[in-house]
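Single chain ahead, written as structure tokens, the form predicted on its own.
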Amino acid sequence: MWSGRWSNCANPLAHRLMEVSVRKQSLVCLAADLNSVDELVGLIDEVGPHIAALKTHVDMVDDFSPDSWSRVVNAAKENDLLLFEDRKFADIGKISQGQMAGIYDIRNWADIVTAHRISGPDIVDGIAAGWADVERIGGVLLLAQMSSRGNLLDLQYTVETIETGRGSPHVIGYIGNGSNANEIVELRRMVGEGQMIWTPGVNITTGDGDMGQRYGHPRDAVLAGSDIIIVGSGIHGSTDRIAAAKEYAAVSFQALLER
């Protein structure tokens, strides 16, 4: 099923993600960019059987508290989801270690986080130290590409980001540009089979979205080398969220079988 990705990806989080994806026949990570705990829990319970991971922005939640957030964490566990906090850490290692704690205590519930490479390679070790402080193991996705118009992640930056990730046992893969299949193909060529590629910027309705976002088709992204498609409003903004989640799951998993 996963071919070289399974045998070459050493991080246990990558294997867990691949197992969940096969059980649910879905390569969908739901970008649940909502503002309340009730909305999040309701969405998870509604579409959880058809997605493999849940991407959060905990600092966008208006009614956050440690107690209320535990409802989101429990709902994710009950629905067999990996929790992915899209924090996009970008500071030095020591600060990132502290940011994994703090009021949101990301280290205690997130399985995966995102980080930029811009501050240097030590950021990955800082994040990993945050998980180690509470005796957990997590995985980092480094931003190698972005799908937003006018971003500054050029080819040289991408190359250096991959070099950092390749040398770290904590990096499970990279964020790629789901709106451009050619860029995913090139990213997969550089990454090889040993790490994953997750792609935002996908929607069954392709084209330009709000505020500079661009979209490519999920099937194209998977065929080009994406392992997980990150879908937001295409699911939670749909009038029938269950049907939308099922459609994205079917399209993405069928593309994996074809690949």
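In this text, residue numbers run from 1 along the sequence as written. In this text, all values refer to a predicted model and were calculated from it rather than measured experimentally.
Keep in mind the form predicted together with ligand S5P is missing from the figure; the text below concerns it.
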Establish, in the predicted complex, whether Ala53, Arg107 and Ile137 all lie within 4.5 Å of ligand S5P, using non-hydrogen atoms for the distance.
no
Val124, heavy atom within 4.5 angstroms of ligand S5P in the predicted complex
no
Any chance Asp86 has a heavy atom within 4.5 Å of ligand S5P in the predicted complex?
yes
Tyr215: touches ligand S5P in the predicted complex, heavy atom cutoff 4.5 angstroms
yes
Could you tell me if Ile175 has a non-hydrogen atom within 4.5 Å of ligand S5P in the predicted complex?
yes
Note: exactly one of Thr164, Gln97, Ser147, Thr158 sits with a heavy atom within 4.5 Å of ligand S5P in the predicted complex, namely Ser147
Just give me the single entry in Ile197, Val231, Val47, Val222 that has a non-hydrogen atom within 4.5 angstroms of ligand S5P in the predicted complex.
Val231
From the candidate stretches 39 to 47, 66 to 74, 186 to 194, 26 to 34, select the single one in contact with ligand S5P in the predicted complex, where contact means a heavy atom within 4.5 Å.
26 to 34
